[in-house]
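Shown here is one chain on its own, the form predicted alone, set out as structure tokens.
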């Protein structure tokens, strides 16, 4: 065999060995052939996400939920969801020898005898608080910036359901230790159910396994808390994230950002590294809170006894607003045939009002779409000031929530401020109706004023603080042009179009279908847009710039040097080009 043939055979052997994949590669190739993972990963790992601090609010909610799952798994290893009565003989001496349920005894055991148990309990509770708070603030951010508009209406509904389920999950977890405070909350829930006409008593008997307190409520709440609601939450969070990726992330307007693209960082490695680091930040903060800030000290309250009530008892903060509605509701009852009593004073504020509020929140995207008639897709966010009525509506709802939340602590306020609890109640009864209206109009006028200030900046530039004197002795302030990115942001919005219905009747005088509804929609549209200040037209912008150039040219000889009109023109040429794209 010649040397050339030997070298060729050697190279061929090496090539065949290199072409043959190793075991890991073979397994990956096998999975990719059947699942298409490589194509899916290649597409989504390079997915671009915009970068802004407000987008982290949703991440806080997500990472708090992960902490809830991790700490919850730890707690399930020692918690016993049983109402069987035992005598406590643990290390907490003040309750030793007291009869209590196994659920409460295991809570004490977790707090005092399990290494790290109290830390996990408190981290779990704080994570629940942060989870609900982050979802609320994230919901506000989405609404104020218009991120709920088409095609994200369904994601808004999913987010609203997550908030509702998170609240119910918090209540069920809060009730599991079976201490006197949580038992008082369960007793109240029993009364809430019984206020529902016809079905209330049946629901109470089914849930409690007989008359309150029964012997089944803690095991059933445990099943709901660790299986039912978390499973639904996981499914909804997965759907929420999938829709986020499918519709692409919204972004703030700016140069280079359009409705068709996303400007930001790819998921791998930049965004994934930032998100992973942020998870450890959230985990660390919750760890510090669990270690340093006491929450729900069940050993202070003692075991639940139906004959006792904790003085000054308050629910967790996210349940404060329906409790406040209950406290300020007048004592309205209806007695039918001396046998049945309809407790409107409980049924309306606890059953009807929360359901109505969550329904209104879920319907907000569809309500605005109906009023405005806007069927376009929106991927650029909107500044809150550019939607005054929308911003005012949410502030009104926030005010309504805040007044009810404050009413939930009317007894504490009366004690701390040395006021009459009756006067506080009467004030809240009036404020809950008047306050949201005042908040709406103040917020709306505030936003319109900010719109007018933005237009002044576009037309006349920024105030420089330099005062100049002309030949006639008059004084004027020199204005400097806006930066290109700032001007772009201020003009990156569409003009508001009030809905005008077609003719109510045809040539034969027959009313068109839905004429009354369209007329009502037109009225709402006029109210919605009201006194909004529209962005300047191209002609108005050119006139304002021309006026500024004349002033600058007139004042330049007094300054002793040439005016920088060239830079001014160049910047606003770009703004004019952007405005022409917006209008034409």
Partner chain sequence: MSIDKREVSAIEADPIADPGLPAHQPRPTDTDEYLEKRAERQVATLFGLSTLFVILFCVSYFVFKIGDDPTEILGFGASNVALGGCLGLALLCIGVGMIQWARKLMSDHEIVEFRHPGSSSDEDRTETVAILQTGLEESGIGRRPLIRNSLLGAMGALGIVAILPLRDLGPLPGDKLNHTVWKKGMRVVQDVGGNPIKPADMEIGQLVNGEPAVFFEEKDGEPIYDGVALQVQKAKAAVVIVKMQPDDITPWPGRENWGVDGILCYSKICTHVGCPISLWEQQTHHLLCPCHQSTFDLADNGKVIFGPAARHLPQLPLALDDEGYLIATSDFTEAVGPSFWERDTIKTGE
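Model, not experiment: these values are computed from the prediction. Residue numbers count along the first chain shown, from 1.
Note that the form predicted together with the partner chain isn't included here; everything after this is about it.
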query	finding
438, 516 and 526 each touching the partner chain in the predicted bound form (heavy atom, 4.5 Å)	no
In the predicted bound form, segment of 425 to 433, 389 to 397, 226 to 234, 356 to 364 with a heavy atom within 4.5 Å of the partner chain	425 to 433
Contacting member of 76, 464, 258, 449, with respect to the partner chain in the predicted bound form [4.5 Å, heavy atom]	258
In the predicted bound form, the one of 385, 479, 378, 457 near the partner chain [non-hydrogen atom within 4.5 angstroms]	378
Contact of residue 352 with the partner chain in the predicted bound form (heavy atom, 4.5 Å)	no
4.5 Å heavy atom contact, residue 175 to the partner chain in the predicted bound form	no
Contact label in the predicted bound form: residue 152 to the partner chain, heavy atom within 4.5 Å	yes
Contact flag, residue 502 vs the partner chain in the predicted bound form, heavy atom cut 4.5 Å	no
Residues of stretch 59 to 85 in contact with the partner chain in the predicted bound form (4.5 Å, non-hydrogen atom)	83, 85
